[in-house]
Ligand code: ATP
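Just one chain follows, in the form predicted alone, and it is written as structure tokens.
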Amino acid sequence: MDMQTSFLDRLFESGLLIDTGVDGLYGRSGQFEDVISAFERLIDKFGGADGAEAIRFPPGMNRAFFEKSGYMKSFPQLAGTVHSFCGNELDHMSLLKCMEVGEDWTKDQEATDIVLTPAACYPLYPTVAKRGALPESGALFDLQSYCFRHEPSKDPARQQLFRMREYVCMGTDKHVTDFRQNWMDRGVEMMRAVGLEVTIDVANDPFFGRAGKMLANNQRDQNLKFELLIQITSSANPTACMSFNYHQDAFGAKWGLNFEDGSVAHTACVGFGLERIALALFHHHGLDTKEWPESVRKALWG
């Protein structure tokens, strides 16, 4: 824990991250953002020629789509909803009175039609399904969004609001598993270019509850999720900075992503945790980008 705390403290002291008083919710300095922009350009360099369609969704998504996604079945502990005041003048007066005496003024807030986006690809599936049948050659998308996960922590690599860059591939099982393998190779190559030692390992999502253990084991047994791991705050527990996920036809069946002949599309995605990658770079190369190794600076800034 000391190592975590001290790395977070050093990030605050250097001004790279800005303390907001809430664990896992931080401001970022220009230098921090510059590293993220540079790394995104590196992602573009590796993936740009693939011809993905770029879409940018906001960090909130349609609650009905969120409900249909099944996220609450698997990860209720991580979800965040947007609530608002929907009362009349009288309700407003009692709300202000609650605030005045330090009581809970949020109890009468009502859920809106917006929930915080849990992963960049969640709004994509209903969007693409609405367009109709997929071409035989499949489809490829480039996404980037702020995502929310409710897991307050002193570990700077576990933030509650963070950015995820994603490529999502839709097609036949072979098409999307080849896509995933290709990005696993690229991921290692990209990290090598910026001087980071990484390992790739089979992984599982943090499914909730007793039934969740079975889902997690199933996911691992079938090699549906791999993560690219880097030491940031702990050598015993390296941090996942990229994930490579094969959903089989789960999203295809759920959202009606079909080919012309009616067969269900398979999907896979590769996700980059942008803050985590920046943190890995600062942790390994030092808190001042001007002093990073020349080869790393060249890979990021040319």
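Computed from a prediction, not measured in an experiment: that's the story for all the values here. For every residue, the number given is its place in the sequence shown, counted from 1.
Only in words, not in the display: the form predicted together with the ligand, which the text now covers.
Within 2.4 Å of any backbone or C-beta atom of the shown chain, none of the atoms of the ligand lands once it is superimposed from its position in the predicted complex; the pocket counts as open. In the predicted complex, residue 175 stays away from the ligand, with no heavy atom inside 4.5 Å. Under a 4.5 angstroms non-hydrogen atom cutoff, the ligand in the predicted complex has residue 240 among its neighbouring residues. With a 4.5 Å cutoff on heavy atoms, residue 190 does not count as touching the ligand in the predicted complex; it lies far away.
Contact annotation: residue 162 falls within 4.5 Å of the ligand in the predicted complex, judged by heavy atom distances. When you look in the predicted complex, the only residue of 151, 201, 197, 91 with a non-hydrogen atom within 4.5 Å of the ligand is 151. Contact with the ligand in the predicted complex, judged as any non-hydrogen atom within 4.5 angstroms, is confined among 258 to 266, 35 to 43, 58 to 66, 272 to 280 to 272 to 280. Heavy atoms closer than or equal to 4.5 Å to the ligand in the predicted complex belong, across 209 to 235, to the residues 225, 227, ordered by sequence position.
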